[in-house]
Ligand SMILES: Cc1cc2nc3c(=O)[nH]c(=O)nc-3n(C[C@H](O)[C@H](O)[C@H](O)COP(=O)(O)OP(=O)(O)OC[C@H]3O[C@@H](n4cnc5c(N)ncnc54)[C@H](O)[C@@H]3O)c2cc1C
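The form predicted on its own is given below as one chain in structure tokens.
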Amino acid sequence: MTIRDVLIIGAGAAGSTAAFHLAQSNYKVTLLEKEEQNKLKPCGGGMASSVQHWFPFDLKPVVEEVIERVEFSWYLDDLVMAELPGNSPFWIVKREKLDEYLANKAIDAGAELIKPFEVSQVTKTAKGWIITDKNYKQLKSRALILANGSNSLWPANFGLGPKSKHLATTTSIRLQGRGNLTKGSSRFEFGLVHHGFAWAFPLNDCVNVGVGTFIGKSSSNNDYILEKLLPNLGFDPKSGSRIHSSLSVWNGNHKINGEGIIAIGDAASLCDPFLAEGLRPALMSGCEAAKALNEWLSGNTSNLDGYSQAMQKRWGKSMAWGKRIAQVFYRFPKVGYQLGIKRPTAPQRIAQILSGEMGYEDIAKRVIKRLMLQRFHKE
């Protein structure tokens, strides 16, 4: 039986990114994908344009819309509009197109894609890994990447990621047409959603609309919320097929690597706990996983701990503050909207976070500084 260098479970954005970079380094890489055909994914599709520098090829072919301004609302009113700084700070993509595009780039670089391949068993051996599908087909590899999303069973089986997942609940739909969304504009609605927010991201010929609950128990009235939101966006309140899903968001710094194994993307619970940004950490973790595995497979390091350390530094440090902000904002959303979103500089700060120019720790430091100044003036 052929022994690959790396097997990757999941050919989404994270897995395909890792596959591309590893294949470029001349490793034998195989992507394993459960679905035979790419299907609509419950994802808003927002992606910071700063991810472009992680790839030697142009991502523009799959960019549906460049966001230039963001509109915020409270109970469909009290509108705030923010012009985004910089050039092309935020892109909107169709996830199924992005995933296919990245997978094809990985294949062009020399990676192999096997689909459908539904993994039923993952076994650690003295020499690496044995992956078995539901039809008892087996593949062997020296290393393994887990990239099959929030509902993956395998990270917990091998002690990777949080022991207790923090699950956000989402309801998403894709609507044909633009409604009343203008070109280059996206929308965030806060008042309608208990412990969360709703979003509308325009694509070339349609709109991704969703509702997410990020702390506490999941909301059972997402369909009701959409029936209120959709007419405000220029759509029929009953239009679109709802996709309900759970999203594992960042819940503390945890080890996301083991002996010859790495978890990336949603399988590593990396999604932003405040704004639900998942694509940037997915692509980032795919790149970092490839770097760590390159060092390990070539014998330059004895373990893969550098991967977890890199993700904690590059992503976890900011998310620790993002989680704190989310817990306060979503418990007291009206106050958060008034003091956060409606503050003159706040929308620009959110835009800078989405673009990758700023982290949550920068916002937290500014807030602490303001509180200290206010206290000083009172004294």
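In this text, residue numbers run from 1 along the sequence as written. What you see is a predicted model, and the numbers here were worked out from it, not measured in a lab.
The discussion below concerns the form predicted together with the named molecule, not included here.
S.K.: Taking 4.5 angstroms as the heavy atom distance cut-off, pick the stretch from 60-68, 306-314, 29-37, 324-332 that is near the named molecule in the model of the complex.
M.R.: Looking at the other structure, the answer is 29-37.
S.K.: Would you check whether the named molecule, in the model of the complex, lies within 4.5 angstroms of a non-hydrogen atom from each of K41, G46 and N148?
M.R.: Judged in the model of the complex, K41, G46 and N148 all sit within 4.5 Å of the named molecule.
S.K.: May I ask you to state whether N251 is within 4.5 Å of the named molecule in the model of the complex, using heavy atom distances?
M.R.: Outside the cut-off, so no.
S.K.: Whether E189 contacts the named molecule in the model of the complex should be assessed with a 4.5 Å heavy atom distance threshold; does it?
M.R.: Flag for E189 set to no.
S.K.: With the cut-off set at 4.5 Å between non-hydrogen atoms, does T170 touch the named molecule in the model of the complex?
M.R.: Although the named molecule is absent here, T170 would touch it in the model of the complex, with heavy atoms inside 4.5 Å.
S.K.: So, V119 and the named molecule: in the model of the complex, are they within 4.5 Å at any heavy atom pair?
M.R.: Taking the distances in the model of the complex, the answer for V119 is yes, it comes within 4.5 Å of the named molecule.
S.K.: Which of these residues, A282, I256, A198, L144, gets a heavy atom within 4.5 Å of the named molecule in the model of the complex?
M.R.: Among A282, I256, A198, L144, a heavy atom within 4.5 Å of the named molecule in the model of the complex occurs only for A282.
S.K.: Pick from F274, F72, W129, W154: which has a non-hydrogen atom within 4.5 Å of the named molecule in the model of the complex?
M.R.: Only one listed residue qualifies here, and that residue is W154.
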